[in-house]
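To begin, one chain is listed below as C-alpha cells, in the form predicted alone.
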C-alpha cells in the first residue's frame, strides 16, 4: 500500500475533526439548551448532549458545504434529539400533545414560584417538553434566534408553515404564562 493512499484518509479525518471542533466551540451552548428542551432529566440530558456530539462528529464525513455550518449542526442535533424523544416515548410510554391539546392542559407546576425569570424559563421548558417533536424543533430553533427559512431548511417544512407554527406556539405559550401569573396573583392576595 502506498503512503499516498493512506494520506487522504488522514486528511479527511483531520478535516472532520476540525469541523467538529469548530462546530462544538461555536454551538456548544446552543446544543445544551436544545437538549434541555428535549430532555428534562439532567442525567438523560447529559447523555443526549453526548449523543448529539457523537452524531455531529460522524455527520461531518458527509458534510459537503451545501448548507451553512449552523444549518447542518441544528439539523443533526434536532434529528438526534427527535430520535431520542421517540426512543424515550417507547420506554416511558409518555403521551405528547399537539398545540390544541397543550392549550387545554392544566398547568402542572407545583408550589410557589421561586424567582421570576428562572421560573418562567422552567415553565417554558416544561411547556416545550410537552410538544410533539416537530413542534418542539420549531420552537427550539425560534428560541435560538433562527428565522423561519433557516428552520424550514433544517426540519423540512416550508418557511410559511414554520412561521405559522411559531405564531401558534407563541399564542399558546402566552396564554399559559398569563394564566400562570393570574394564579400567582390570586395566591399572593390570600
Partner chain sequence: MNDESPKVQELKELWQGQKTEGVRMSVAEVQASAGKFQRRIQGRNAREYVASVVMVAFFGFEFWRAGDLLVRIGFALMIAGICFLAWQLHARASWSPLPGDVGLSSYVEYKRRELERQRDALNSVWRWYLGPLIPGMAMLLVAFFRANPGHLKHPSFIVVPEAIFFAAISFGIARLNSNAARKLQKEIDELDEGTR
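Residue numbers count along the first chain shown, from 1. Bear in mind the structure is a predicted one, so any value in this text is a computation, not a measurement. Between two forms, the rigid core is defined as the largest C-alpha subset superposing within 1.5 Å.
What follows is about the form predicted together with its partner chain, which we do not show.
Though the partner is left out of this view, residue 37 does reach within 4.5 Å of its partner chain in the predicted bound form, counting heavy atoms only.
Looking at residue 130, you'd find every heavy atom of it more than 4.5 angstroms from its partner chain in the predicted bound form. None of the heavy atoms of residue 148 is located within 4.5 Å of its partner chain in the predicted bound form. Among residues of the shown chain, residue 178 is one whose heavy atoms approach its partner chain to within 4.5 Å in the predicted bound form. Residues of 22 to 61 that come within 4.5 Å of its partner chain in the predicted bound form, judged by any heavy atom, are 24, 28, 29, 32, 33, 37, 45, 46, 49, 50, 51, 53, 54, 57, 58, 59 in sequence order. For residue 24, a C-alpha deviation below 2 angstroms is recorded between this form and the one not shown after rigid-core alignment.
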